[in-house]
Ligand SMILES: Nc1ncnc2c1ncn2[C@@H]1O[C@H](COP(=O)(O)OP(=O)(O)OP(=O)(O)O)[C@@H](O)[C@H]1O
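In structure tokens, the next block holds one chain alone, the form predicted on its own.
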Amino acid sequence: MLEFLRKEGINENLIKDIEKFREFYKVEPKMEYRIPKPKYNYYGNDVWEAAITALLCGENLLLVGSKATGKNVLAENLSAAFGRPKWDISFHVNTDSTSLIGTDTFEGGQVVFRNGPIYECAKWGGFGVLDEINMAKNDSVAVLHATLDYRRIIDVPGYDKINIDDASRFIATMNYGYAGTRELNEALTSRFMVINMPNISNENLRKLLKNEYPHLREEYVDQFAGLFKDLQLKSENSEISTKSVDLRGLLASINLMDKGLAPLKALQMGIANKSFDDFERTLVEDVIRLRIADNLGRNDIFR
């Protein structure tokens, strides 16, 4: 991961500081399996440098942005770069303190405390990814206040309090406008450094495609990048919803093409069919056909 950062031109002093961090904060051997090995890399030097600096300074991060801006990819990449075990904590309307910190359970005929993901992350010096944090009720995430501020403790009712390991960091993600989301309260927001995630640039999208599919012909690197940008623009202009602006879907479609599925069929499955409105789906299919011809085969797209 650090070699990737050097290749992308990230400030060398920041990379050296990450190396010092990794050397100083060792990972328990039994937790090494939780250190991620990212499938995709995040591209965007400004965001990388801002995020690295904040984490080195002991801050927690809130990544805010629309769909397909790479929030979860960046969070995973940061965990890998810092060499820390990662816990994924998904928030929803039923998230409560017990699902975050832990709860009583029976073991060996007696009541014991079963650690929750926040507890485990704090104990082992991990990076906790708080996914879609604005999906949870404010009263449930209030239990995080002492965890995320200068106190850095978890007080478990009926048990004891634990001090959060110095290496622990929390990276929250949130989208605006999804069903079930709500505004974060000021008390929680104040405990994060906030990065407004930009849409992936055409240049960085081309880098991603070339890195993932080195045998993809240059012409179709441009076409697939252009297709995604076309859909993104239509969504921004309110011509279509964000359902088909799906970078994961585009990458999955290219995988299907590589296995021999017809390109239009693959893109229909990965992108167009994400919209369940007939009129919108027809618009998306028209955008696809402007970039990808009906008669293309695998050998036309890949070397």
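Residue numbers run from 1 along the displayed sequence. A quick note: this is a predicted structure, and the numbers were derived from the prediction, not measured.
What comes next is about the form predicted in complex with the named molecule, which is not displayed.
Asker: Hey, in the predicted complex, does Arg169 get a heavy atom within 4.5 angstroms of the named molecule?
Answerer: Heavy-atom contact with the named molecule at 4.5 Å: absent for Arg169.
Asker: I'd like to know if Asn175 sits close to the named molecule in the predicted complex, meaning any non-hydrogen atom pair within 4.5 angstroms.
Answerer: Looking in the predicted complex, residue contacts with the named molecule include Asn175, since a heavy atom lies within 4.5 Å.
Asker: Taking heavy atoms only, is Lys259 within 4.5 angstroms of the named molecule in the predicted complex?
Answerer: Answer no; every heavy atom of Lys259 is more than 4.5 Å from the named molecule in the predicted complex.
Asker: Is Leu264 close enough to touch the named molecule in the predicted complex, meaning at least one heavy atom pair within 4.5 Å?
Answerer: So Leu264 does not count as contacting the named molecule.
Asker: Spot the stretch among 35-43, 272-280, 51-59, 22-30 with residues whose non-hydrogen atoms come within 4.5 Å of the named molecule in the predicted complex.
Answerer: Looking at the other structure, the answer is 35-43.
Asker: Going by heavy atom distances of 4.5 angstroms or less, which of Asp88, Glu132, Glu120, Asp165 would be at the interface with the named molecule in the predicted complex?
Answerer: It is Glu132 that has a heavy atom within 4.5 Å of the partner.
Asker: Exactly one residue in Leu208, Leu227, Ala81, Leu100 has a non-hydrogen atom within 4.5 Å of the named molecule in the predicted complex; which is it?
Answerer: Of the candidates Leu208, Leu227, Ala81, Leu100, Leu208 is the one lying within 4.5 Å of the named molecule in the predicted complex.
Asker: Between 70-91 and the named molecule in the predicted complex, list the residues on our side with a heavy atom within 4.5 Å.
Answerer: Contacts from 70-91: Gly70, Lys71, Asn72, Val73.
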